[in-house]
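Listed next as structure tokens is one chain, alone, in the form predicted on its own.
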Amino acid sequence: MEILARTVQATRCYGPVIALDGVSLDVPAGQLLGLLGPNGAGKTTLLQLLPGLRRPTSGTVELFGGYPRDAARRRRLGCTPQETGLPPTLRVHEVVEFVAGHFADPVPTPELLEQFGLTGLERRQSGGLSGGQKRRLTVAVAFVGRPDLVLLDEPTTGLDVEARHALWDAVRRYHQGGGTVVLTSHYLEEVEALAERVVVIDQGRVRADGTLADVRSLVPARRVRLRAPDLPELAGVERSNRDGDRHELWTADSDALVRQLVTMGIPFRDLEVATASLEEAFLALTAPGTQTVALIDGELAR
């Protein structure tokens, strides 16, 4: 499988601050990869290294098999940075057409605006757009050149729920057509909805790398939900919550817990057993003192 972007032991320092610390990452063609991490984890720095906007302090970075700053390689790339500035007097169609002029076969302006819910705003000056409309426009121009790889840094920040889902649909269509996406997001539900691979970064290092199921499985506890009257003290329960007759119990051995309930003759109903959610796994992986975790082809190594 072709590797479109790659970092090998990439480190980036800003004075005494280490933003990235020996990160190795491959982005294969056709993948939709979600980057997760707390503020200051190094996600944005990584996305700036891949297109050559910043150089690594040490290590190497490749884009389409070569130097990221090579113009020919950049023509295969689309980007939406976390912070963007649009010329306030340019109209929406002028912004799109200016960017489109840098590519040999751009998406027609009406088609692109329709994909991102901007139809009808063609003549509006970008300075007169709402914050959400500006964000949709900056994401849209990342796709105008029919790129092979798109880097999206917090693409739905400032969007309402309807606009966010519309953008998700546009990203899905691009991916289903064979496009490759790397996105960062503070919205965990966004990564769950879109990504087929998740990379968790914290303090400049990769904490986890795998499918959604792989990352969830790094939290060994299972969540057991059920309806019952008062419960006695049960062995193996790490923590619990209660809302009326609804109980939520966390345990490393859900089978043993259910056997206890049956053996003790406790009447219960609506039993559900689930692995950790992505949010719960994320919080566990980025907790202070967490050791680096790598998931490669579904195998766990620490």
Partner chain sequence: MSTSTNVRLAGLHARYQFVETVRVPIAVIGTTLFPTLSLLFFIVPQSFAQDPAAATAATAQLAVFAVMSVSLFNYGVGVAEERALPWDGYTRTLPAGPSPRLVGRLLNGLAFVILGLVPLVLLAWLLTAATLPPSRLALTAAALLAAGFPLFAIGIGIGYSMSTKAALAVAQSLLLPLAFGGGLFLPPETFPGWLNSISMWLPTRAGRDLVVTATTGVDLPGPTVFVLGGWTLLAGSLAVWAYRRDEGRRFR
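Quick caveat, the model's predicted, so the values are computed rather than measured. Positions refer to the first chain, counted from 1.
This protein has a second form, the form predicted together with its partner chain, left out of what is shown; the following refers to that one.
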Is it true that 75, 86 and 91 each have at least one non-hydrogen atom within 4.5 Å of its partner chain in the predicted bound form? yes
Which of 52-60, 255-263, 269-277, 35-43 lies within 4.5 Å of its partner chain in the predicted bound form, heavy atoms considered? The stretch 52-60
Can you work out whether residue 82 and its partner chain are in contact in the predicted bound form, taking contact to mean some heavy atom pair no more than 4.5 Å apart? yes
Is residue 99 close enough to its partner chain in the predicted bound form to count, meaning some heavy atom within 4.5 Å? yes
Residue-level contact is defined here as any heavy atom of the residue lying within 4.5 Å of its partner chain in the predicted bound form; does residue 149 satisfy this criterion? no
Quick one: is residue 125 in contact with its partner chain in the predicted bound form, heavy atoms, 4.5 Å cut-off? yes
Within 4.5 Å of its partner chain in the predicted bound form, heavy atoms considered, which of 112, 224, 95, 201? 95
Pick from 167, 141, 191, 182: which residue has any heavy atom within 4.5 angstroms of its partner chain in the predicted bound form? 141
With the partner left out here, which residues of 1-26 have a non-hydrogen atom within 4.5 Å of its partner chain in the predicted bound form? 12
What happens to the Cα distance from residue 208 to residue 81 in the predicted bound form: does it get closer or farther than here, with a change of 3 angstroms or more? farther
Cα-Cα shift for residue 126 and residue 83, closer or farther in the predicted bound form, minimum 3 Å: closer
